[in-house]
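Let's start with one chain on its own, the form predicted alone, as structure tokens.
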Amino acid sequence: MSDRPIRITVDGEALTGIAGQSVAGVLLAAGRISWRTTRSGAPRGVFCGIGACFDCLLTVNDVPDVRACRRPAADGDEIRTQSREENT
């Protein structure tokens, strides 16, 4: 991992990270511990951190259901949070 800064946009908010950092890592470093909701409205973020569960799903560059813990953040990524209602 390099120390090269990157910039992503999450729901219109600009966040900075470091090249090689996961999307979840950038979100957590920015103080966001949840970014998805279940059908009941319960908040979800990182649970397992290794891609085995589906709690950290979000939309990256118009691709839905991306696991934030597995996806390296890239400079210029456009990210949207998801709710379960959007995918039913």
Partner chain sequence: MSRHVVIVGAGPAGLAAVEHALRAGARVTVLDQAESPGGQYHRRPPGADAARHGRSDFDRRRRLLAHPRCRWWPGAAVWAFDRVENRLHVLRGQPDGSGRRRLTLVPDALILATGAHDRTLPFPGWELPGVYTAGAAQALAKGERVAIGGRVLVAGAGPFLLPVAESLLDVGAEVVAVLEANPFTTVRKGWSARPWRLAAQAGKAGELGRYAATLARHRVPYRFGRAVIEARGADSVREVVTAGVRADWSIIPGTERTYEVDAVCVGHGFVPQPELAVAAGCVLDGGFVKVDGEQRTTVDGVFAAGEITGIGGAVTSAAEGAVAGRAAAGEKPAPALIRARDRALTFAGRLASAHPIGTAWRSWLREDTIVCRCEETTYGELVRATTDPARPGPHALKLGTRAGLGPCQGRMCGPAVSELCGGTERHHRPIAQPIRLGELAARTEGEPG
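Every value quoted in this text rests on a predicted model; they were computed, and no experiment measured them. Residue numbers count along the first chain shown, from 1.
From this point on, the text means the form predicted together with the partner chain, which you will not see here.
Contact check for L15: every heavy atom lies farther than 4.5 Å from the partner chain in the model of the complex.
The partner chain in the model of the complex comes within 4.5 Å of a heavy atom belonging to D65.
At a distance threshold of 4.5 angstroms between non-hydrogen atoms, R80 is out of contact with the partner chain in the model of the complex. For the chain shown alone, G20 is a contact residue for the partner chain in the model of the complex, at least one non-hydrogen atom being within 4.5 angstroms.
Within 4.5 angstroms of the partner chain in the model of the complex, the stretch 37-70 places a non-hydrogen atom from each of T38, R39, S40, A42, P43, R44, V46, F47, C48, G49, I50, A52, C53, F54, D55, V63, P64, D65, V66, R67, R70, taken in sequence order.
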